[in-house]
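A single chain, nothing else alongside it, follows as structure tokens in the form predicted on its own.
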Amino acid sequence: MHELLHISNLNLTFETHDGPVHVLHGVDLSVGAGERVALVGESGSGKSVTARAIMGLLPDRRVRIAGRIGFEGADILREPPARTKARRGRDITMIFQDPMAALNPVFKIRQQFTAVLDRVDRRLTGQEAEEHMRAALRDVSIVDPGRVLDSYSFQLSGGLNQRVMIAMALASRPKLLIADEPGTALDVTVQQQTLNIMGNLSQAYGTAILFISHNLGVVRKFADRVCVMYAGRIVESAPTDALFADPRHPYTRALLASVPRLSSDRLPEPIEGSVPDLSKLAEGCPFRPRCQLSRPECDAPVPMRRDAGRSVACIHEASAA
């Protein structure tokens, strides 16, 4: 499997009225061709910002970004903006968290889908575009594509809108699909249907997926590999089965302990405290104020330890080796 996306030492700072806020700290992340990689963590950990950096959707004037975002050997951060814009929606596509917010309520689905296809191939005739749209909607289990194309987003359910978004995102047969919590706004049944459709189509088209989520139960079934993010840092990365069987970072263990289990009559253990204020982070492990294993050495910068396809940023992991 060759590497499709390779993020190296990504640092990102927002310039605000109250001063700079450093939101990403040396992020390293990779996705192989056809691989499904999950990026998990609490809200505010930097998952969506990472996705928007890959897509080139961050405001230029208020952002300072350094490091490398490599895609098929090209550095997205250093290529001409026109090249990034041309790649967006073709080689790299994204499904946003709330389909109702992502779709424009003043245009019918047909008009919005046609605009997507124009980016893929302007040579399509009107009839060819219509056939392509209907086929794409059938691929996501929409049995009446004509009605959906003639509708506005507010006339459709959340589940239908999410399927429309998936169909649009995969219309170009992208090499990488970024799915930013695609089922959060849906009920559990529709969410599972959505993930099944997305997984089946990505497998059929050979599309790699960067799946952003806080739902570890879904991640365990969907992803090949998991990257755990906390306060703008990747703190652990491992194949899915290995991470769930043997979580090595205290934050990862705390996340797994907070998941409800049908086999247990005990309530899950919450993670004490809250995600730190990114504008006031000190050096050292950002999880130390909430970590039961915290000790003075945690105040110093913690290197990432890599071994046999796994990586962990914790002094306890290093000392145990």
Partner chain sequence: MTKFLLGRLVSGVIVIVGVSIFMFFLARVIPGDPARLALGPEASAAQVEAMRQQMGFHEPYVEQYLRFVGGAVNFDFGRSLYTDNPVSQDIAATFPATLELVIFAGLAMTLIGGAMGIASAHFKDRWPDNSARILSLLAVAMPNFVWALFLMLILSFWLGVLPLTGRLSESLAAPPAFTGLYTVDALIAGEWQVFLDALAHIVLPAVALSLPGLAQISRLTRTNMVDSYDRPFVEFARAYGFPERSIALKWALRPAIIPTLMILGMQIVALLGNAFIVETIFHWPGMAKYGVNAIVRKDLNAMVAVVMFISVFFVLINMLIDTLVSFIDPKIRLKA
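Model, not experiment: these values are computed from the prediction. Residue numbers count along the first chain shown, from 1.
Although it is not shown, the form predicted together with the partner chain is what the next lines describe.
Residues with any non-hydrogen atom within 4.5 angstroms of the partner chain in the predicted complex fall in just one of 237-245, 199-207, 165-173, 133-141: 165-173. Taking the partner from elsewhere, residue 250 is found to have every heavy atom lying beyond 4.5 Å of the partner chain in the predicted complex. Contact annotation: residue 77 falls outside 4.5 Å of the partner chain in the predicted complex, judged by heavy atom distances.
Within this chain, residue 96 lines the site of the partner chain in the predicted complex, having a heavy atom no more than 4.5 Å away. The partner chain is not shown here, but in the predicted complex it comes within 4.5 Å of a heavy atom of residue 102.
Each of 61, 107 and 155 is positioned with at least one heavy atom within 4.5 Å of the partner chain in the predicted complex.
The partner is absent here, but in the predicted complex a heavy atom of 55, alone among 55, 278, 254, 49, sits within 4.5 Å of the partner chain. Interface residue among 160, 116, 229, 149, judged by heavy atoms within 4.5 Å of the partner chain in the predicted complex: 116.
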